[in-house]
Each structure stands twice: as structure tokens, then as C-alpha cells.
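The data below hold one chain only, encoded as C-alpha cells and taken in the form predicted alone.
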Amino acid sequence: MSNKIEVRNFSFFYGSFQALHDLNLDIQANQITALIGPSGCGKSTFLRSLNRMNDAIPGAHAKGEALLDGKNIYAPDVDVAELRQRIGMVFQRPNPFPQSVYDNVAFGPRVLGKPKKGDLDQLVTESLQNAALWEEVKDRLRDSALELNPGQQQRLCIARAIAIKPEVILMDEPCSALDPVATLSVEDLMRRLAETYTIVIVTHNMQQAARASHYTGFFWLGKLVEFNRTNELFGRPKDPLTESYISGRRG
């Protein structure tokens, strides 16, 4: 398999505070990569650095490289708006816009000025189908997205993310606000989406990482302690700190 993202000697700073230390890892195309570790260990900082969402924070800056298809996303000539189209984001809590279901999914394509009306209808339908939501909302497209239940809202946010045709989808604890049934639904959806997209997910739920991901990275105090195939990392961790964390003795 090919690498979609290659991270080389990557560090990240909030002003003088170093949040990430010299990270090196490869994120393979069409695989689900999970990032685990205790709160404050740098998982979400790293995730947001992959589409430069941290850029808006005063004093935030990176060192090293994060290569998307071989091109450093922190190079001076990178169009950040285009980068965020290629690398979409789904947040911790469902955040549908206070608009209709249809308008939520159509928002990104409209901003990009791409599809005509008929094409937009098809794109909305396909995005909702790909997010495993179409059958539940096909008769409610003009209803407010805020009327959907939390699990449906999160899948709507996934549909909104994939409507702009990204290559990578970043998910920051996408199931933390969901019940167990909705969580399993989103995990099943992630596995289907990985056939088309590269997915990177931050999760505090180690069972979720073990169930849903192909690769797992364990973060501790801003450092990547261990990165491996998920079954290897959970079954035969190489670092004692990893073993202590996944067994519940640390963290």
C-alpha cells in the first residue's frame, strides 16, 4: 500500500510551548489510523496540524514536514483553502448548521461554486448515501438538521465533509457524544468510507481503536511512543509504556 501522508521530524509549538516532539510516521492510503493516549498528550493538536486548523491560533507554528502525496503541507506556496478541501474534518460533537438537512450537505459545494442544481441534488443524495443516512432522511431533506438525533447529526456532518470530495477525513473523537448503538453505526461507516478515503481518528476509546482501525499510534506527553498495526500494538506492544497504558495501569 502507498503512503498518503508522511510525517517527518514534525514538531508543533503554541508560542514557546512545544506540544509535539519530533514525530515520524506514515499514514497509509485507504486505511483507518487511530491516535490514542491520555488527555493533553497532543493527539488533537497533531490531527489539526494535518489540515492546518491550528494556523488561526496566535503564535502557533510547526517545524519539520507533513507530506501529502509527497508535498509538504507547510510549504510557503500551499493554498490552505485547497488543503482543507483535500483533508476534511469531523469534530468531537455533532455541529450541524441551523439549516435544512439538504443545505448542510450542499454548503461546501456551494461555497466552492462547483455543481449546478441537478448535479448538486445528485451530490447531496450520494453524500447522504455514503454516510449511511439517506434512508433515514430522504423524506426530511427540507427539515432542520437540528431535529435529527445526535447519531444522525454526526453522520450528517460526515456527509457534509465528504460532499466536497476530500481525499483524507480527520475525525476528532467523533463518537464521544454518542450512545453505544450510534457509536457502532459510525464505526461501521468508517470502515466503508476507508474504501474511498484515508481516515485518521482521535479516540479515547481503546476498544474503538482496536475494533475500527488498521493502524494505531500511542501518544504520551507530545511524543509518539509507538506506532504499529493495530493488532500488533494491542496484542504485542513493544514499549513498556504502551503496555501500561492499554492495560489500564497508566493514563
Partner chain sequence: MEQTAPFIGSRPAAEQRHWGEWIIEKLIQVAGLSTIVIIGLIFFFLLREGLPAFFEVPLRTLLGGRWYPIENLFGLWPLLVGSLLVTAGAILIAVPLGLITAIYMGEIAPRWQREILKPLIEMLAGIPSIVLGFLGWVVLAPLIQQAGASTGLTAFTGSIILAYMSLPTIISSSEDALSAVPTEYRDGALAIGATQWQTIWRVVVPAARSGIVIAIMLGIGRAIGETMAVLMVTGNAANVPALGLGMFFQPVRTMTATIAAEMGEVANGSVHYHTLFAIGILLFVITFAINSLAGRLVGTQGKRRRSSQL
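Numbering follows the first chain given and starts at 1. Given the structure is predicted, the values throughout are model-derived calculations rather than measurements.
Not pictured, yet referred to below: the form predicted in complex with its partner chain.
- Distance criterion of 4.5 Å from any heavy atom to its partner chain in the predicted bound form singles out 89 from the list 89, 178, 123, 73.
- Its partner chain is not shown here, and in the predicted bound form it never comes within 4.5 Å of any heavy atom of residue 134.
- Taking the partner from elsewhere, residue 53 is found to have a heavy atom lying within 4.5 Å of its partner chain in the predicted bound form.
- Residue 160 belongs to the set of residues with a heavy atom inside 4.5 Å of its partner chain in the predicted bound form.
- A residue is said to contact a partner when one of its heavy atoms sits within 4.5 Å of a partner heavy atom; residue 118 fails this definition for its partner chain in the predicted bound form, lying far away.
- Looking at 93 to 120, the residues that come within 4.5 Å of its partner chain in the predicted bound form, counting any heavy atom, are 93, 95, 96, 97, 98, 99, 107, 108, 110, 111.
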